[in-house]
Ligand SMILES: Nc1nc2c(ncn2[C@@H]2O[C@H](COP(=O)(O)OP(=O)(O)O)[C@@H](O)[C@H]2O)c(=O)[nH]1
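Here we start with a single chain on its own, the form predicted alone, put down as structure tokens.
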Amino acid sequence: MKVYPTSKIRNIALVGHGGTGKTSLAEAMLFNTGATKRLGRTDDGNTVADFLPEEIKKKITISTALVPCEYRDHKINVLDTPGYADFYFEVIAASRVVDSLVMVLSATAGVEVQTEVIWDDFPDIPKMAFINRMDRENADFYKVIDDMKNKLSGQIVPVQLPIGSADTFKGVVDLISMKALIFEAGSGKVTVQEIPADMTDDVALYKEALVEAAAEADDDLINKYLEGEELTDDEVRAGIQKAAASGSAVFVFCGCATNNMAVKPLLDFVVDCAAAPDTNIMIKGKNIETEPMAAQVFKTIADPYIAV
């Protein structure tokens, strides 16, 4: 088994209201990183994370599942948590051992009850958001963004804008690279193109907000920004990484997990920008010199088939 340095480990929990597609997102992450060879579906009862008989029968997550994957020489430990209030204790337990939360929202429903509960209960854990189900009828990315800004605390900053919605959804504009990413449904293969001309105004508006969020994460960058100097691409990326790892901004992605569209950019962001365990300010060892390892048990399982 490969051993990863702490700086190359990412511990994230997929959280949010029930039915937003957290398990489908976990499945797409596994598929994109090569951990699985086929994209399982909740409706078919063949996902990696939902393996309990009751989960398969009811097509919901009941117990938090750990689904690790390896991507770009990093180990990503993904915790797929339940979304229904009856199993909220699973979310609480998972929150104790992750360094970032990925809030999964529905592009048709926006901010729902459990999303607000989780957001308010864990204000100190860095967050990013994935607006899922952009392929659904009545999907509205901008309406969900407004809903988030109205109901949730913190700085909400899109790093992607959708190209199309519902049956016309085909990709995203990446505001960091300033390129259009067109995805092939199912395989997740991406074609890089120029930004559509009819999106120029929206792209300019949200790009400015992204640069501002990056600048605010660093004293040197904000001084340069306020003095009217243009930040370089490397400075913007560094500011985004600092903001994401510290939780000073919540960066928002969008896509469709069941069709494996726009999942890889989220994985890239987790590797490039999400907090590592050694930057987690909430968990510290007692004596780093004599006791360098800190371990925490967050879940136990009683298996009747294992002899003690």
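Heads up: residue numbers just count along the shown sequence, starting at 1. Predicted model only: the values in this text are computed from it and were never measured.
What comes next is about the form predicted in complex with the named molecule, which does not appear here.
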Whether D218 contacts the named molecule in the model of the complex should be assessed with a 4.5 Å heavy atom distance threshold; does it? no
So, T42 and the named molecule: in the model of the complex, are they within 4.5 Å at any heavy atom pair? yes
Just checking whether T64 would be counted as a contact of the named molecule in the model of the complex - the rule being heavy atoms within 4.5 angstroms. no
Close approach of H17 to the named molecule in the model of the complex, 4.5 Å, heavy atom: yes
Work out which of the listed stretches, 235 to 243, 253 to 261, 64 to 72, 29 to 37, brings a heavy atom within 4.5 angstroms of the named molecule in the model of the complex. 253 to 261
Across 106 to 136, the residues having a non-hydrogen atom within 4.5 Å of the named molecule in the model of the complex turn out to be N132, R133, D135, R136
